[in-house]
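Quick heads-up: it's one chain on its own, the form predicted on its own, in structure tokens.
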Amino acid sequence: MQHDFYLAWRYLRHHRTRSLILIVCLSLLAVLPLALHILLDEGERLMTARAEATPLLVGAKGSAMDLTFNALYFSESTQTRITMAEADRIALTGWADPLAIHARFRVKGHPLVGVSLDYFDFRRLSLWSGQMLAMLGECVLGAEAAESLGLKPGDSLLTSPENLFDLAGVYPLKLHVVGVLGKSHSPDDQAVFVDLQTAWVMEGLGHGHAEAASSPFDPADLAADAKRVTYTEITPENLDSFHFHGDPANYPISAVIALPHDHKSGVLLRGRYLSAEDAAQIVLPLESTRGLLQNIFRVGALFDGVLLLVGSATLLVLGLVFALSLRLRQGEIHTIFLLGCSRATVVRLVGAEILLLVVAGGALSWALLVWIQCYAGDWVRHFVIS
């Protein structure tokens, strides 16, 4: 039997290209369905864990799924926003602590999220370097956002205007990076965090006043200004000049995370949002997430069926390849018979080749699955959740 494997090995090594193609085909047959389930399981784990950690969400009436994804995963949303009055309403009940979230803007592909400092304690986010938000115009980067943008504490980040033809005259804001958060393996790693007041400055609700220039008017200066990138920068020197207009209760936010003091308080708070006339809704993120996961698993079952059909077709093709290979090897087989070997010898040689291919394909499959398992969380956060 040892000689059978040696001859089979020498034959497969001689036909390297064909052998590699067969090994890759066999490995993909095993990897694809298993990899799909690894990604689905990892997605369920990540989404369920973040939803379970968020007791209640309050936002504008509409899609509960859209509200959940915008507040938990900072996805772009077209849902109507609510105001800070909703956070004040929750606080006045005495049943829960409100955490307001402003997740409207994006900067260089990363969500720019306005939060209060309590949010970092709630999500258990700690600093890896630098310091926490302390002044208007400062930002703290998630671990992956800092790596992607190539920024560190002391650098600056210029936001992009939402509309290049914004007639309201709201310029980009130059943010000062003061800290980088440690890796949390959550959507927070992709975010750029500012305080709520800074987010409202970007909304155009707050502004500062610069001193008027005393130099005479020069048309050349006007032409130069038209070519210059104009932005708002908040510094210690002009910080006192920044102020807000209007009632802060009317300032916009995306959602409010409500943290009930106990189960009874949560039930009572949910009862406050049962009125059909109420412009806001309260949702259980875990229920919304489970509803989405059920649909994902239905799609996963459909993919399993498709992969089963594709796998069956691939096995038939591999069988055809072996059959044609034996037809082409009639001269070799005849030589084996002339050497005095029986048909059983030929069967053992072909079986040894198949076994070696299966073992090599299994080893490649195992290596691919280990690699997929290592990066499954990152892929799910990047392609599914973000």
Partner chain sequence: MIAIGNLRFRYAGAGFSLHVPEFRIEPGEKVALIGPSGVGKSTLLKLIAGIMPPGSGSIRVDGTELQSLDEAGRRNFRITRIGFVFQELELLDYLDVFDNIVHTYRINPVLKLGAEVRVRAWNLAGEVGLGGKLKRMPRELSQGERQRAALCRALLPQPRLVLADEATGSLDPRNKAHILDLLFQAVQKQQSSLLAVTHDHELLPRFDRVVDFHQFHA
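Positions refer to the first chain, counted from 1. In this text the structure is predicted, and so the values were computed from the model without any measurement.
The next section is about a form of this same protein that is not shown, the form predicted together with the partner chain.
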Want to guess which of 328-336, 57-65, 22-30, 40-48 is within 4.5 Å of the partner chain in the predicted bound form, heavy atoms only? 328-336
Taking the shortest heavy atom distance, is W379 within 4.5 Å of the partner chain in the predicted bound form? no
Does at least one non-hydrogen atom of L320 fall within 4.5 angstroms of the partner chain in the predicted bound form? no
Find out whether any non-hydrogen atom of C341 is located within 4.5 angstroms of the partner chain in the predicted bound form, and reply yes or no. yes
Any chance all of Y6, R10 and T345 sit within 4.5 Å of the partner chain in the predicted bound form, going by non-hydrogen atoms? yes
